[in-house]
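This document starts with one chain, in the form predicted alone, laid out as structure tokens.
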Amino acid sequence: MSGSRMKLELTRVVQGRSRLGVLKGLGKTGQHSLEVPGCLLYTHLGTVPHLTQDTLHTLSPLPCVTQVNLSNIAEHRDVLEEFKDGFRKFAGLHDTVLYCSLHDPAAPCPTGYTTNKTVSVWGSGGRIELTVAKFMALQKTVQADWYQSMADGETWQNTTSRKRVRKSVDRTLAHLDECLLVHQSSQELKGVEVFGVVEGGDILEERIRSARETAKRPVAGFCLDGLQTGSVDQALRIQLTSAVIKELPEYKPRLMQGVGRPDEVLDCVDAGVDLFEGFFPFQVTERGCALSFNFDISPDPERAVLDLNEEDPAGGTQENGDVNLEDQTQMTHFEINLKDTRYQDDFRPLVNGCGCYCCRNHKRAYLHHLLVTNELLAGVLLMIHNTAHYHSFFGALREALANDKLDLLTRRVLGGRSKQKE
């Protein structure tokens, strides 16, 4: 593990925190690279929800890292073992890097089923209990390029006691040590990278202890767990994240789990986070909504006039009414609800200037019609747009860091938040 091929090369560090760079040496042969800050490609069993592989690859650029999770895969272990050639080939994924996480970031995970020796994942058939031996056997079967170590992450509820949080950190470190022991002696996992998991709930001392101890282990990077949307206050998340990152080596990547909202992404990047899970477009699509927020930082006199007059060039941020930003199931200020009757005769694209297939060929009124008639095409078109819009946001984020425009980007993204509601 000390000879890890995965290397983070930083080109800029803004104000000592926000990092711009390239994560190199990805994949078993090291031929792939991923720009940071960046996000992974979210999938269900290797497939982006609603999209075929052909449809997906009309979108460009896509991240080179595809995320799968054991919540979806564990119940298919027997089939994968019989197949023998790993999950990437089984799912028809070709030129991509495979990252295997423990849980599905877009699905709620029941608590109360973790022991000193096991964690549980939840598939379509119910709960599956994993020991370290079963967890590592699954990793050998999946044959991912990197995976998240086993962890006790059941401390995100604000009623969790200090004693329970301490136990979760101890368990997670013990799991990591056992996983590394098996990993280092396994020929099947040669060339595969391991990310250690930082736990600690909302207790600063435990977060720091978890980060400090995990950093001592031979891991390629770090997953920051238990800070997902709705689990902690946004200000507390940044305080905890900033403290954790001070304990982590600069040259190893930090992946934030369970955070996808654009405002939260910006806060986490400002605190020093490099990578995010790309599940947010799927959640928005499932709500029958379209991402519609402004991240254009190019100089444009016409746009400046629009902003001055507090008009919404994307056509969405003023229309959302009162929403709950702490509940992952609720609509956010960054999307428009196309089921609303106001869109039945709205003949604009989802977002003016968006180059995705949906915005180039269809209008809001048509998407409204598809949604209210429960047509499957609605999910396809919305997922195309939401995926394209979200990944373009990360491109704008990297551009802003490269050109000292992060403050401008933040004002653009959050612009609608301060406007008067209808």
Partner chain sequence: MAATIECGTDTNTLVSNMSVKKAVEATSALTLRILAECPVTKARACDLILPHSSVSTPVFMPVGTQGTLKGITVDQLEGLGCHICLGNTYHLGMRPGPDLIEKANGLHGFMNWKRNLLTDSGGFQMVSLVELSEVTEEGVKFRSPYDGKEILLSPEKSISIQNSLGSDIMMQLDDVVSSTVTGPRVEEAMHRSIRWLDRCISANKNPDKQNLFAIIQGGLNADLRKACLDEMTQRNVPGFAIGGLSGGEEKDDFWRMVTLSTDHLPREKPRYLMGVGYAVDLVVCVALGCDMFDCVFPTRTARFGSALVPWGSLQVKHKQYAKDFQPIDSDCQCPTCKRHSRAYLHALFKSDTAAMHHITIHNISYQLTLMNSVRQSIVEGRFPQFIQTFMKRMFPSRDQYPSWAVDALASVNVTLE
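Numbering follows the first chain given and starts at 1. Predicted, not measured: the structure shown is a model, and the values here were computed from it.
Below, we turn to the form predicted together with the partner chain, even though it does not appear here.
**Student:** Let me know the one among Pro249, Pro108, Gly126, Gly92 whose heavy atoms come within 4.5 Å of the partner chain in the predicted bound form, would you?
**Tutor:** Among Pro249, Pro108, Gly126, Gly92, a heavy atom within 4.5 Å of the partner chain in the predicted bound form occurs only for Gly92.
**Student:** Can you pick the one in Leu34, Ala388, Val380, Ala396 that has a heavy atom within 4.5 Å of the partner chain in the predicted bound form?
**Tutor:** If I apply the 4.5 Å criterion carefully, the residue I get is Val380.
**Student:** Could you tell me which of 388-396, 44-52, 25-33, 59-67 sits within 4.5 Å of the partner chain in the predicted bound form, going by non-hydrogen atoms?
**Tutor:** Answer to the contact question: 44-52.
**Student:** Please run the contact check for Asp233 against the partner chain in the predicted bound form: heavy atoms, 4.5 angstroms, yes or no?
**Tutor:** Residue-level check for Asp233: no, no contact with the partner chain.
**Student:** Answer for Val79 alone: is it within 4.5 Å of the partner chain in the predicted bound form, judged on heavy atom distances?
**Tutor:** Within the cut-off, so yes.
**Student:** Since only the chain is shown here, I'm wondering whether Phe83 would be in contact with the partner chain in the predicted bound form (any heavy atom pair within 4.5 Å).
**Tutor:** Yes.
**Student:** Tell me, yes or no, whether Cys356 is in contact with the partner chain in the predicted bound form, where a contact means a heavy atom of each within 4.5 Å.
**Tutor:** Taking the distances in the predicted bound form, the answer for Cys356 is no, it never comes within 4.5 Å of the partner chain.
**Student:** So, a 4.5 angstroms cut-off on heavy atom distances: do all three of Gln139, Val182 and Lys190 pass it with respect to the partner chain in the predicted bound form?
**Tutor:** Negative, none of the three is within 4.5 Å.
**Student:** Out of 389-410, which residues reach within 4.5 Å of the partner chain in the predicted bound form, heavy atoms considered?
**Tutor:** Contacts from 389-410: none.
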